[in-house]
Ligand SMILES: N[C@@H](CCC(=O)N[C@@H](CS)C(=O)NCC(=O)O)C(=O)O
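First, one chain by itself: the form predicted on its own, in structure tokens.
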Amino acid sequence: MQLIGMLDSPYVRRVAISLKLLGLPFEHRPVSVFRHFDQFRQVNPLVKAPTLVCDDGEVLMDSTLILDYLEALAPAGRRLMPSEGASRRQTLQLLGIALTACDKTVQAVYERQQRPPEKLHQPWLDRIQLQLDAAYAELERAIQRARPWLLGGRLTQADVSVAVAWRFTQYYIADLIPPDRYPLLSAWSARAESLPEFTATPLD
């Protein structure tokens, strides 16, 4: 399998870390949707990261859909998604919050970096920040119940995605979402980022 995309994307990074935790071999090709647009188009005409090229050549896109496929390939004991019941529902709830935080951080970065400064729309940026604060306030409360991970003693996809989302936000817009506003989340994320699968998959 080949994973196409840059690790500065939280969607690419969550898939790369998950592949390592799931014990699935893969090749990472760091192709940028911006700098290598034409090269990316040769793999996926939609130029969407992450893109996964399966062993049979089939191309998948969208991190959530890719991870659903990978879960079916992984040994049962290494899977990151609970299969049923309250644990699965809680994982999905946390994933929704983490992915919203990723989406809103991307919007803030694009608003600041892609739009000409004279056209920056501050009310829109303020709204994004409000949504980000709401997401991280929810996750800060969830961390209070972590023992030691979000759903107990075993890492799940919720832990991977929450940690990746927080690192992404802090890397790009820590001035909007300062770490001291969410101290429990900051400390918990640092512990997740110290795991070998995370350290071997750096954002920067």
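Quick note: we count residues from 1 along the sequence shown, nothing fancier. Quantities reported herein were computed from a predicted structural model and do not represent experimental measurements.
There is also a form predicted together with the named molecule; it is not shown, and the following applies to it.
Only one segment in the set 45 to 53, 175 to 183, 133 to 141, 149 to 157 has any non-hydrogen atom within 4.5 angstroms of the named molecule in the predicted complex, and it is 45 to 53. Taking the partner from the other structure, the named molecule in the predicted complex has a heavy atom within 4.5 Å of a heavy atom of residue 33.
In the predicted complex, at least one heavy atom of residue 11 sits within 4.5 Å of the named molecule.
Within this chain, residue 110 lines the site of the named molecule in the predicted complex, having a heavy atom no more than 4.5 Å away. In the predicted complex, none of the heavy atoms of residue 68 sits within 4.5 Å of a heavy atom of the named molecule. Along 177 to 196, not one residue places a heavy atom within 4.5 Å of the named molecule in the predicted complex.
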